[in-house]
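What follows is one chain in structure tokens, specifically the form predicted alone.
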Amino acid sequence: MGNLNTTMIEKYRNSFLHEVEANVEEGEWVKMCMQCGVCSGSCPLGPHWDHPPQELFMMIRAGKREEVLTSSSMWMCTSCYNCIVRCPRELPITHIMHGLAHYAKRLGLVPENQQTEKFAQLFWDNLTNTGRVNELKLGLKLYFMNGFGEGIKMSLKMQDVGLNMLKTGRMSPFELLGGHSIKDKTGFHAMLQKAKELEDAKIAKHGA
């Protein structure tokens, strides 16, 4: 009976770790963290984390599922890769943080008014439309993503930059009409659909 109880407790303790390993990119590396703190000390946004990476990894191992998945921490990552370069165990920390953010989004657990998530979705929608990033449309949507008033303020603030980009040919009004597209949009969209099907199958397999 004692062995059975021990097994059940161990299974409960590790259930969230197993979930992360199954659903988060490079999630199997979480258990390799030795809590040295070099990652958070190397991060340019280190002082602003709710939970620095090593703390987040310990929380995963401790089974704190809701606290981890509703945290804003993984949305703070700027992909500078300082943490990966300096980690003594070479953990793919950047990949794990983005993987956690992606998984939280899949589960509908993105913190309210999360700017990084808004930007990521706008960028993705912009890219998948034609297979190329329409910088003018993306820039305008970013300016106005927090409301019309904020968009006007940002547009006026950046007007000199915009005019200089037009003068040097770095931006064209043609982009507002649709801009350039890749040659095989049908094939590109078919590839994205296949990737979605594979991800959906993975989600169904692991019950997430």
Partner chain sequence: MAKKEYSFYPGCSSQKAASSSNYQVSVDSMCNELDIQLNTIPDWNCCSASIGYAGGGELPRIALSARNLALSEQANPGQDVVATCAACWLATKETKERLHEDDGLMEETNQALSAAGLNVKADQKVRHMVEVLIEDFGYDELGKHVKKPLDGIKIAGYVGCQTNRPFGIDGESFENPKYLDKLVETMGAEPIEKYEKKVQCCGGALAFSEPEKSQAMIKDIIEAAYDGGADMIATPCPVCQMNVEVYQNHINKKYNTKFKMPVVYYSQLMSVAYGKNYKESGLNGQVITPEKLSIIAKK
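Residue numbers count along the first chain shown, from 1. What you are looking at is a predicted structure, and each value in this text was computed from that prediction instead of being measured.
Keep in mind the form predicted in complex with the partner chain is missing from the figure; the text below concerns it.
Undergrad: Whether A62 contacts the partner chain in the model of the complex should be assessed with a 4.5 Å heavy atom distance threshold; does it?
TA: No, A62 sits far enough from the partner chain in the model of the complex that none of its heavy atoms falls within 4.5 Å.
Undergrad: Can you tell me if P44 lies within 4.5 angstroms of the partner chain in the model of the complex, counting non-hydrogen atoms only?
TA: Yes, contact at 4.5 Å.
Undergrad: So in the model of the complex, is the partner chain close enough to H180 to count as touching (4.5 Å, heavy atoms)?
TA: Yes, H180 sits close enough to the partner chain in the model of the complex that at least one of its heavy atoms falls within 4.5 Å.
Undergrad: Quick one: is L91 in contact with the partner chain in the model of the complex, heavy atoms, 4.5 Å cut-off?
TA: L91: no, not in contact with the partner chain in the model of the complex.
Undergrad: Can you work out whether the partner chain is within 4.5 angstroms of a heavy atom in all three of H102, M158 and F188 in the model of the complex?
TA: Every residue of the spot touches the partner chain in the model of the complex.
Undergrad: What residues in 180 to 204 sit within 4.5 Å of the partner chain in the model of the complex, counting heavy atoms only?
TA: Sequence-ordered list: H180, I182, K183, D184, G187, F188, A190, M191, L192, K194, A195, K196, L198, E199, K202.
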